[in-house]
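Only one chain is shown below, in structure tokens, and it's the form predicted alone.
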């Protein structure tokens, strides 16, 4: 694995909605294994404490902060606290992501605003408050976790989620272009179907709705068969990609969409059902 010895990484969305490895939790531990001091943030205090314990079990120093990524003062204070304590912010990892079902005529405005606030405004705010420190300290790396939903319709109406991820992809490119001269790189990981606790919460409904299968296990098998590699990814697939993007091995990669999806977006997936 790439070495990030001595780097300071800040991971937003480092908790988990249930037992197991979320993308954010795996990223925090992966950065620790690569040599980073890690600052982890989330809105769930108990889950965040679990992540911190896992990071510290790797022998890494870890700071934890409860905060709302959609609140500017909260994000500002977290960034300032990390920089004051550790002296640098080398890596910003944005993992927060809310999803909601519904197309443009079904989703309500409150839900739309909630998804956009967490997913889009959250990335805007973390970058807004991290970039000045990175500029002053001579550079840094921003990695935003996006989704293949920004690139393809995946079978169910999730317009707020898809639009928010599309905005993150576009924002990442704009940041990379503007701040490249300041030695700040920014990339987005376009994640496919990743088998995390978040997926488990809604997987049965989602896959059954996509394929019209009554049996949840069969619906899952049908979904896996739409992937050329014939299985879902896991949180480590995303986390290991993030570590690579933060490393010197990726020093000439910026503004890129790194697709981590087992080939999901390579082919037509869903026959018409009407």
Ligand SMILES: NC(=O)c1ccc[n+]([C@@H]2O[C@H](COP(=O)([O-])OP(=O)(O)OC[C@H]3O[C@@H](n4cnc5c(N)ncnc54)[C@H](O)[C@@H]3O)[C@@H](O)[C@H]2O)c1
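Remember, predicted model here, so these are calculated numbers, not experimental data. Numbering follows the first chain given and starts at 1.
One more form of this protein should be noted, the form predicted in complex with this ligand, which is absent from this view; the next part is about it.
Picking from 175 to 183, 144 to 152, 130 to 138, 79 to 87 the stretch near this ligand in the model of the complex, with a 4.5 Å limit on heavy atoms, gives 144 to 152. Although the partner is absent from the chain shown here, 22, 165 and 199 each have a heavy atom within 4.5 Å of this ligand in the model of the complex. Mapping the unseen interface onto this chain, residue 239 falls outside it, with no heavy atom inside 4.5 Å of this ligand in the model of the complex. Of the heavy atoms in residue 43, some are within 4.5 Å of this ligand in the model of the complex. Residue contact with this ligand in the model of the complex: residue 68 places a heavy atom within 4.5 Å of it. When contacts are judged by a 4.5 Å heavy atom cut-off, residue 159 does not count as touching this ligand in the model of the complex.
Residues 95, 96, 97, 98, 118 of 95 to 127 are found to place at least one heavy atom within 4.5 Å of this ligand in the model of the complex.
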